[in-house]
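Next up: just one chain, as structure tokens, the form predicted on its own.
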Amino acid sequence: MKNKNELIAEISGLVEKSNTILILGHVSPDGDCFGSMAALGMEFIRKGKTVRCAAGDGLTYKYEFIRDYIEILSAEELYDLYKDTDFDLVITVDTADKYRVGSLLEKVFDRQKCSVAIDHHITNPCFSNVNWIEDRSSASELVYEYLVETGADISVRTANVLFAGIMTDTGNFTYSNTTSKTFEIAAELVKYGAETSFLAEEIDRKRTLGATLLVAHAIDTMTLHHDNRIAVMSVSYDEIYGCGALPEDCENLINFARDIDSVEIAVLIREINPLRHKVSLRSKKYADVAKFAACFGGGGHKHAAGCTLDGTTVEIKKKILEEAEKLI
């Protein structure tokens, strides 16, 4: 198995030999996905490469500021423009498995001959030609180390997107995945000019009226089980749009269940279509929700994971509760 320095050297060598680079993230992209994509993309552009970035439905409301830094396409936009294009190199970031890029981007990924995965999910099956998989707080931590080791120019914009990625994946440096190394990197990013107050305002404090109404609705759906140690919330497609919200506004809903003092496992079931749902899982102390998610073909981290299940909300809730009970 290659060590980190060997992997960085190998990835850097592939980048140097490539003129066209495709960077892909996962469906329902979050701050770490956008941050790691943007940081790599900006550096490769600085090196004179032609770069295209894509994930999910493209940039979401909270990360609109990145639009001034680099273009990030939606999966549909990328597929329409580049479905028949051969890139010299494709890199996936923060993506725990190939299918997590989504059906359209998976088709584009599969036609590329040279691929790299940079990811912090230990459940990653190493689906690329070169795989840098390391258990860290975020993919943004890994990208930061790549940029430092390869002598990149870390601008204020690069510092901003990497800090955004780290702060979101660590719950503002409060989750158990936060290490001393995480704080060291965050401090270095501040030295490079990361605008922490601006990022907090854009990502944490800014919320539309629709997103606020969705919070109230999601809490109203919450049910507690097994001596209040399991909390389950659910939102349908119609309910999201009925509140005037968007699917991206579901990103942090699960925390309202997780934060209840008696709760060990929190579950959010979000409708993709009436017979397919995204299930987000969180735990606090002892429950390993990554293993839990793996039972349903998903993955993630010990305290934060997810999967996609077919069936109605009622059917999925029953399955999840039966499995969650084993962890309590």
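All figures in this text were calculated on a predicted structure; none of them were measured in a lab. Numbering starts at 1 and runs along the sequence shown.
Although it is not shown, the form predicted together with a small molecule is what the next lines describe.
J.: Determine whether any heavy atom of Asp88 comes within 4.5 Å of a heavy atom of the small molecule in the predicted complex, and answer yes or no.
T.: No, no contact at 4.5 Å.
J.: Any chance Ala305 has a heavy atom within 4.5 Å of the small molecule in the predicted complex?
T.: Yes, contact at 4.5 Å.
J.: Do Asp97 and the small molecule come within 4.5 Å of each other in the predicted complex, heavy atoms counted?
T.: Result yes; Asp97 sits at the interface with the small molecule in the predicted complex.
J.: So, in the predicted complex, is Lys278 in contact with the small molecule at a 4.5 angstroms heavy atom limit?
T.: Judged by the heavy-atom cut-off of 4.5 Å, Lys278 is in contact with the small molecule in the predicted complex.
J.: Any idea which of 256-264, 50-58, 292-300, 36-44 reaches within 4.5 Å of the small molecule in the predicted complex, heavy atoms considered?
T.: Partner-contacting stretch among the options: 292-300.
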